[in-house]
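First, one chain by itself in structure tokens, the form predicted alone.
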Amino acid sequence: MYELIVLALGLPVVTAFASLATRQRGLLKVMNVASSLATCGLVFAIAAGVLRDGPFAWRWLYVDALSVLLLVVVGVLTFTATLFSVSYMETEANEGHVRPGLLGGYYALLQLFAFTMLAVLVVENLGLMWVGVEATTLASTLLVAFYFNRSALEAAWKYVMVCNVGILFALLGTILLYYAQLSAGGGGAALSRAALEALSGRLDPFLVKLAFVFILIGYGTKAGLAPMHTWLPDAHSQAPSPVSGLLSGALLSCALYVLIRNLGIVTAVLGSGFVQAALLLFGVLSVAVAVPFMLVQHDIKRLLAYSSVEHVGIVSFGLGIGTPLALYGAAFHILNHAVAKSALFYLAGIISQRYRTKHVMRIRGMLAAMPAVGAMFLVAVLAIVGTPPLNVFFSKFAIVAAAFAAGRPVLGAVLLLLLAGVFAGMMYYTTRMVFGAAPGGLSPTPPGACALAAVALSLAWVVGTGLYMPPVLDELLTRAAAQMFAATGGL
């Protein structure tokens, strides 16, 4: 297991440096796709090891079912993003949006971004997790600013400023946890999660509550919880589409993961009531804030970005409900949202290249202009709004049903009402874009085979796991939900 983890961390770094040294575009693409596929395979091997042998712990490394769930998300999305990039970035270079000489830098940053996210998920120490989350910002900022135009630079600047302020709050909360650990006489294993949980009976409740508030605001900012989500629409809309998919599907999930890991100590000291109330508040607020912005949005990538705010809110809501069913739904929803939303961002990239705009009112007749892309976009949108029998429906249904079963019918009804608003807004724009006659003057460049393959793989997962739940996936989700239950304290 140790060797697999080291290889999974080392391969993206080696590929990043090799990408910087490679000048041949063909070799660059093959090398990065092969590396991402190998990393994805290593992640699945780690998952199989954990499911077979249980959690792995060695010094600063720790991997359990919850870690594995997120490792699978990052591994799969890194592979599909790299595969999609082969066609997408080639078109961008051919049309003059990107200098061909910068492609090596693009792939290098993409691999480093994947490395930082993987690193967050395999460390046991809360301080190292904070370092990893900060590193994700550093690695992804240049990807957000990759087009180096005014809008991209403004979005990258806002991304850095907002996330760094948020991450400073998280640092302050982490320092307070360390101070509580020192005060309780446990300074020997600084910020070790296991050591802190063992000391939970002696930690100062006031310090821990204060630390939790800062940690929730800090990592909640990185995860895109409202009202700290303001960086998200700008960054997602200006980054290259493969990067937008990674930001929305993988990065937000990693931030939620670190938040969940911190909750284990907080609930052990304070109990679950305060934590669950805060998670429910931010969950409902995130969905409520996303709805009006989605209804008036005219930029397709900003529309998808606000949809991500909504889905992060749904996961937070599931964590706040805290029953085994709700946590199973939250774990499933993290996975489903990551795959479906990354596919939507990939499709948005193809659409904006073909129509030469991201304005939804200028995009129409997709089924007529490019039937395969139009059909895939329709399926992806139907999935993300929770239409049966696609997999997002089942994770949403589990969370809402858990709210009613837990004796919180008002909260469940409010969430259902908000989700209905999201459905109406998304389907209004989608029907305008997909149906009708196609306008003239479209770009003659068809989407590349690699781009279509990346989207098709993602949608196969979305449809396949909606129709049939593989026993191994059910086992992984059940164990991840059990880890979350231990972290949030349950009801």
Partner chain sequence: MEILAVLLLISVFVLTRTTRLSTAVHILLAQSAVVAAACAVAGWQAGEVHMFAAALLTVVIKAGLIPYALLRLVRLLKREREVNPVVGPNGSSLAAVAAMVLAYGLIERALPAVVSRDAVATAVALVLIGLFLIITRRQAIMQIVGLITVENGLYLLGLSTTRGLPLIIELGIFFDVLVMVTVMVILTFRLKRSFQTTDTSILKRLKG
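Predicted model only: the values in this text are computed from it and were never measured. Residue numbers count along the first chain shown, from 1.
Quick note: we don't show the form predicted in complex with its partner chain, though the next part is all about it.
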Counting non-hydrogen atoms within 4.5 angstroms of its partner chain in the predicted complex, say which of Ser272, Thr323, Ser253, Thr141 makes the cut. Thr141
Only hit among Lys209, Lys158, His97, Arg202 for heavy atom within 4.5 Å of its partner chain in the predicted complex is Lys158
Please pick out the stretch from 260-268, 74-82, 119-127, 368-376 that is in contact with its partner chain in the predicted complex, where contact means heavy atoms within 4.5 Å. 119-127
Does Tyr179 make contact with its partner chain in the predicted complex, using a 4.5 Å heavy atom cut-off? yes
Taking its partner chain as it sits in the predicted complex, is Gln238 in contact with it (heavy atom to heavy atom, 4.5 Å or less)? yes
4.5 angstroms heavy atom contact with its partner chain in the predicted complex for Tyr328: no
Using a 4.5 angstroms cut-off on non-hydrogen atoms, would Val165 count as touching its partner chain in the predicted complex? yes
Report whether all of Lys301, Glu310 and Ala456 sit within 4.5 Å of its partner chain in the predicted complex, measuring from non-hydrogen atoms. no
Going by heavy atoms, what in 290-325 lies within 4.5 angstroms of its partner chain in the predicted complex? Phe293, Gln297, Arg302, Tyr306
